[in-house]
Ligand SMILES: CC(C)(COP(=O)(O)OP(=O)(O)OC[C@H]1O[C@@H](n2cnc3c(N)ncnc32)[C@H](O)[C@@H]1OP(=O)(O)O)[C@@H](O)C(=O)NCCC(=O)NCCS
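Presented as structure tokens, the chain that follows is alone, the form predicted alone.
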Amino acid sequence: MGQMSTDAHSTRRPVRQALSAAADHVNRGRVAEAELLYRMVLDAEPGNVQAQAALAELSGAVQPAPATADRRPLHRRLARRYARPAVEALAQQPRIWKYRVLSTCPGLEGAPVALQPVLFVGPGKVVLGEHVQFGWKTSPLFYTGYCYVEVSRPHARIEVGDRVEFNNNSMLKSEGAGISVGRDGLFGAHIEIFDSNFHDLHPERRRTGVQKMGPVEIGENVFVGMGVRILKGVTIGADSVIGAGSVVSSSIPAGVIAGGNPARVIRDL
């Protein structure tokens, strides 16, 4: 009797985990992942009302699980499924907290989705829209690098629109002209965005002179490849694509593919 109770408890807990994870996938628009989890729940509990209702809402009708479905106990399948994420969280979460504590920017508005640590520094203002993400697990240096956002003067400002995703080791730095990123942008790993030269270019004034600045404006739904540098005074139009490794030193229109050093338009989309 005691053994049956233990088995029931060990199975029921993964069911709750699966239902919770599936609901989170639905909220994030990951329908395929949610449907898989709901079907796994029905494998273990064919009469689970919550999973049946969710599948009905997702696909219009509850379909039977495929004949080739994995019939191992759900708690064993989910134990393996959740073991690695748990270890990954133990490795990454302390690093995320560390850089959060080290961040010194008092003008941060909005909460980033920090998959990789993000350091926010400087006396200026950083304004993040909803679901702005930093880091990507399946790219290089996810566990060793960090993203860097600096507004180095009180009037410096960086604005990022909703649902923008920055890959690992991204860097944005404003000295005052400002950086604006439109919503739904995708940025590869190791990108750098500056609104300043940071130093006077004249040899005799390099440490004491005045640097040149210019605002950076990146439109909505722009896709920027890995290793791209976007320099001061540049505008990139909506929907455009910037090829990996490019240096963008002059403006790029909307709806094109551009690349190279310096980046030039290759073709229309």
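Start at 1 and count along the sequence shown; that's the residue number. Bear in mind that the values here come from a model prediction, so they are computed numbers and not experimental data.
This protein has a second form, the form predicted in complex with this ligand, left out of what is shown; the following refers to that one.
*Asks:* Considering this ligand in the predicted bound form, find the one stretch among 185 to 193, 108 to 116, 149 to 157, 122 to 130 with heavy atoms no farther than 4.5 Å from it.
*Replies:* That would be 185 to 193.
*Asks:* Suppose contact means a heavy atom within 4.5 Å; in the predicted bound form, does that hold for all of P215, L231 and V234 with this ligand?
*Replies:* No: no residue has a heavy atom within 4.5 Å of the partner.
*Asks:* Does G243 reach this ligand in the predicted bound form if we count a contact as any heavy atom within 4.5 Å?
*Replies:* G243: yes, in contact with this ligand in the predicted bound form.
*Asks:* Does this ligand come within 4.5 Å of any heavy atom of S174 in the predicted bound form?
*Replies:* No, S174 is distant from the partner.
*Asks:* Applying a 4.5 Å heavy atom distance criterion, does G219 contact this ligand in the predicted bound form?
*Replies:* Close contact is absent here: in the predicted bound form, G219 is far from this ligand, nothing within 4.5 Å, heavy atoms only.
*Asks:* Does at least one non-hydrogen atom of P253 fall within 4.5 angstroms of this ligand in the predicted bound form?
*Replies:* Although this ligand is absent here, P253 would stay clear of it in the predicted bound form, with no heavy atoms inside 4.5 Å.
*Asks:* Under the 4.5 Å heavy atom criterion, name the residues of 209 to 232 that approach this ligand in the predicted bound form, in sequence order.
*Replies:* The stretch 209 to 232, when checked against this ligand in the predicted bound form, contributes F223, G225, M226 at the 4.5 Å heavy-atom cut-off.
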